[in-house]
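Next up: just one chain, as structure tokens, the form predicted alone.
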Amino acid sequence: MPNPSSRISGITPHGKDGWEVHFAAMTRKQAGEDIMMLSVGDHDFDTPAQTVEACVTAVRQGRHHYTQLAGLPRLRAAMAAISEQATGLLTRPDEVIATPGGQLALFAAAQATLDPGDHAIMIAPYYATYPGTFRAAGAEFTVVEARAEDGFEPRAEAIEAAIRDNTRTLLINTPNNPTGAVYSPDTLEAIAAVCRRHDLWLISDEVYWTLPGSKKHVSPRALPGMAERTLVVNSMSKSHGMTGWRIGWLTAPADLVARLVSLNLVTTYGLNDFVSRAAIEALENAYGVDEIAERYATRRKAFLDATRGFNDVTVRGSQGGMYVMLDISAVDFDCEQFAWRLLETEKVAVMPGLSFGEAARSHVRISLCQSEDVLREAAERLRRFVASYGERRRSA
């Protein structure tokens, strides 16, 4: 057969992607083995009933047809209102384009700001799709490592040092997946200053903005001189408990949004009608938002309380989002080996930090998408496992 395009072949250029532990654990669990799945960021609860009923009503009303390419007008207005709430900056509907999930919003942002051969910068630890998204745009990229000792907040001078003549775009994520770090106002202002100084686009992935834990979420879009150069990726997956519904949006300058409508024309051809109408109801009424935020705050505290006093294990970042990041370098610098052994010994699945970039080497990510009882039991198993590591070292 003819050769496939290099663009598609290069999105994931190698076979190993760091998710092997998760998929092995999932296969074993589906086969009936009692595995604690702390490796994936998908809610363990259903979408709020009000949202489901709104969707059923829309289906029965015959909302089965094409929608506007940028999203239903009322949907864009609702998304703009949420963007204004999230960023603290006046947002018009024409500054929003609806997308099937936050990933497509991220894809659109990369396509809008990068030409083939351009250079981008991303901060690690990063969400697993970031490298492939830039490759799909034909862009080169540099990974800037946020240090564990800095709570996984990036240093502006490290970002500036990575800038080239053809650098056009910087991608950040706060609250962060996988680390749970919530960038401080000082960190964000330093990043904004770099973007202004070098005339860069800033893609700000803020899909966890409703889950900042004890810290306050700050969007760089609201900082001086940033609205004109910032594209904010958002989604209803985490905030409204709608992971499988595939509803997201991109907030950006209006002229850029107008151009992105053409991208929807040749990709999604707009959103599903009845799901869009359920999303409108969920956005306008904030179905589930406060409850979900409180649930994850409670789970985070329960897990962190249960891990307090662990020998040789340090919590890094872990202020917001749906995850806790544990530094296990004093136990085993090889986080993949640690994760595999934890799965085999204690039947607990976690993500090796290397799945999210070199910056998270010697860490493991714990998903909080389980009940408090499960998280406490997982912490007890982890405590036992870490202690057994120490015993093996002493007997070696």
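Model, not experiment: these values are computed from the prediction. Residue positions are given as counts along the sequence shown, with the first one as 1.
One more form of this protein exists, namely the form predicted in complex with a small molecule; it is left out here, but the text below deals with it.
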- [ ] Name the single residue among T133, N173, S276, T230 that comes within 4.5 Å of the small molecule in the predicted bound form, judging by heavy atoms.
- [x] N173
- [ ] Would you kindly say which of T113, T307, T87, N177 lies with a heavy atom within 4.5 Å of the small molecule in the predicted bound form?
- [x] N177
TODO: Report whether all of W209, A293 and S318 sit within 4.5 Å of the small molecule in the predicted bound form, measuring from non-hydrogen atoms.
DONE: no
Open item on the list: Please tell me whether any heavy atom belonging to L106 falls inside 4.5 Å of a heavy atom of the small molecule, as the geometry stands in the predicted bound form.
Closed with: yes
Task: 4.5 Å heavy atom contact, F141 and the small molecule in the predicted bound form - done: no
Task: K238, heavy atom within 4.5 angstroms of the small molecule in the predicted bound form - done: yes
Open item on the list: Given that the small molecule is not shown alongside this chain, does G288 nevertheless sit within 4.5 Å of it in the predicted bound form, heavy atom to heavy atom?
Closed with: no
Open item on the list: So if I measure heavy atom distances to the small molecule in the predicted bound form, which of the stretches 89 to 97, 200 to 208, 76 to 84, 215 to 223 falls within 4.5 Å?
Closed with: 200 to 208
